[in-house]
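Below you will find one chain, with nothing else, as structure tokens; this is the form predicted alone, and questions on how it binds or moves follow later.
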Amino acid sequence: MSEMKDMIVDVVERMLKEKVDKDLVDTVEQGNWAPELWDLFKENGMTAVAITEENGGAGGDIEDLLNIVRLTGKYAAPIPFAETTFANYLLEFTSLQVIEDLATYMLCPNQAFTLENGKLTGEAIQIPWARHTKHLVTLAHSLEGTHLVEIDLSQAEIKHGTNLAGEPRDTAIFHHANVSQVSAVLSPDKMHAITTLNTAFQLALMTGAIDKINDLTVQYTKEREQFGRPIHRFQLVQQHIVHLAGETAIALAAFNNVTEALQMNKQNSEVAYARIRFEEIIQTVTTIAHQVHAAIGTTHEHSLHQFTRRLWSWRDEGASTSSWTNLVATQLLENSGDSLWGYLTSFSSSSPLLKVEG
């Protein structure tokens, strides 16, 4: 475990508690964001936590960064923090130069962008925060194979869109645009590593939102009275709270397992198993929270929907549960042979999955 983590988490949580409230989160649905909060993160070095010292960063690790991402999910911080930091993580991972400005990424599952003679052409949808950022890190396909590229978004035609939570999810269209950086051809192992990292960042965001939903629900049951007493005194509500607490604990444990696996550089399926389990967690947590809150949880005046809508939106982005399920099933069928238990308990060797090259 990183020695920096506790200090970083404490600093970030204090900043978010002080600066982020429901009204600030609401500004996202009006097409705005929180540049002052971004500046505060940048001034405190949080945007460079996991960038190596050689590239001007703090030299932290993936555990530090994912815990900051988790907190931005917990407070629904209206800044492209996860997007910018993940874009830079990918650039370092593929031996490219990190960038200081706001950035976003899109890992297109199909060949949305083509690369020819250093020119990018194509159209991708659902790009997070594209209208507010300056750089796009994405996959591009050439005759040689698939590359990671970085390109200036000023060259794109951007069409605004949003997800269910009102967060920016834009379309970017490029016509023979000049790329700023391009990686070597990515191997299948590197492509899998990139997908794994992307899912880990999404799990961090979702873990934070789940934690917040649990807090909001417990608080509401203490404040809301029925028949002359707080509703948390009623047995049925207590059963809901216990179930919610259990799912929240599972989410936090799964997230911690993921960060440990990535930090220890172990090639296993923690990310896949966590992502598969999160599908059930999200369904259970949002159902219980809205049942306990009743109609008030869906009103604009209450903050619960800000987090449940984000959970539903984030769940549908990136590699899906079905793709991770298919991958795990294929691995089991191809590798377990006559000893499924032996295969499941054999993941102890290290792999170069997350070592930054260069």
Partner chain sequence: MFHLPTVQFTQEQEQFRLDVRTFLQDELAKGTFTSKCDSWLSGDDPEFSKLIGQKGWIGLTWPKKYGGQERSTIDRYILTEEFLAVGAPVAAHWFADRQTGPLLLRYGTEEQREYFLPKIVKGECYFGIGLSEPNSGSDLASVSTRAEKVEGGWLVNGQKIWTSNAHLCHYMVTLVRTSAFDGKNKHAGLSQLIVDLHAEGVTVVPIKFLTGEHHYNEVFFDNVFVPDNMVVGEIGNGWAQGLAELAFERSGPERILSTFPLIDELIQELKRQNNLEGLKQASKIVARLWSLRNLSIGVAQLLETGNSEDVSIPAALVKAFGTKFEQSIPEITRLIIQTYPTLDAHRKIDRFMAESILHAPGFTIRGGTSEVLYGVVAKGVIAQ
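All of these numbers come straight from a predicted model, not from anything done at the bench. Positions refer to the first chain, counted from 1.
One more form of this protein, predicted in complex with the partner chain, exists but is not displayed; see below.
Q: Let me know the one among Asn257, Thr121, Gln283, Gln97 whose heavy atoms come within 4.5 Å of the partner chain in the predicted complex, would you?
A: That would be Asn257.
Q: Can you pick the one in Glu83, Glu150, Asp170, Glu270 that has a heavy atom within 4.5 Å of the partner chain in the predicted complex?
A: The option sitting close enough to the partner is Glu270.
Q: Determine whether any heavy atom of Ala274 comes within 4.5 Å of a heavy atom of the partner chain in the predicted complex, and answer yes or no.
A: Contact check for Ala274: yes, within 4.5 Å of the partner chain in the predicted complex.
Q: Do Thr114 and the partner chain come within 4.5 Å of each other in the predicted complex, heavy atoms counted?
A: No - in the predicted complex, heavy atoms of Thr114 and the partner chain never come within 4.5 Å of each other.
Q: Residue-level question: is Ala295 within 4.5 Å of the partner chain in the predicted complex, judged on heavy atoms?
A: Residue-level check for Ala295: no, no contact with the partner chain.
Q: If we define contact as a non-hydrogen atom of the residue within 4.5 angstroms of the partner, is Thr195 a contact of the partner chain in the predicted complex?
A: The answer is no: Thr195 has no heavy atom within 4.5 Å of the partner chain.
Q: Would you point out which of 171-179, 233-241, 134-142, 186-194 contains residues with a non-hydrogen atom within 4.5 Å of the partner chain in the predicted complex?
A: Stretch 233-241 is the one.
Q: Where, within 305-333, is there a heavy atom within 4.5 Å of the partner chain in the predicted complex? Residue list please.
A: If the 4.5 Å heavy-atom criterion is applied to the partner chain in the predicted complex, 305-333 yields Thr325, Asn326, Val328, Ala329, Thr330, Leu332, Leu333.
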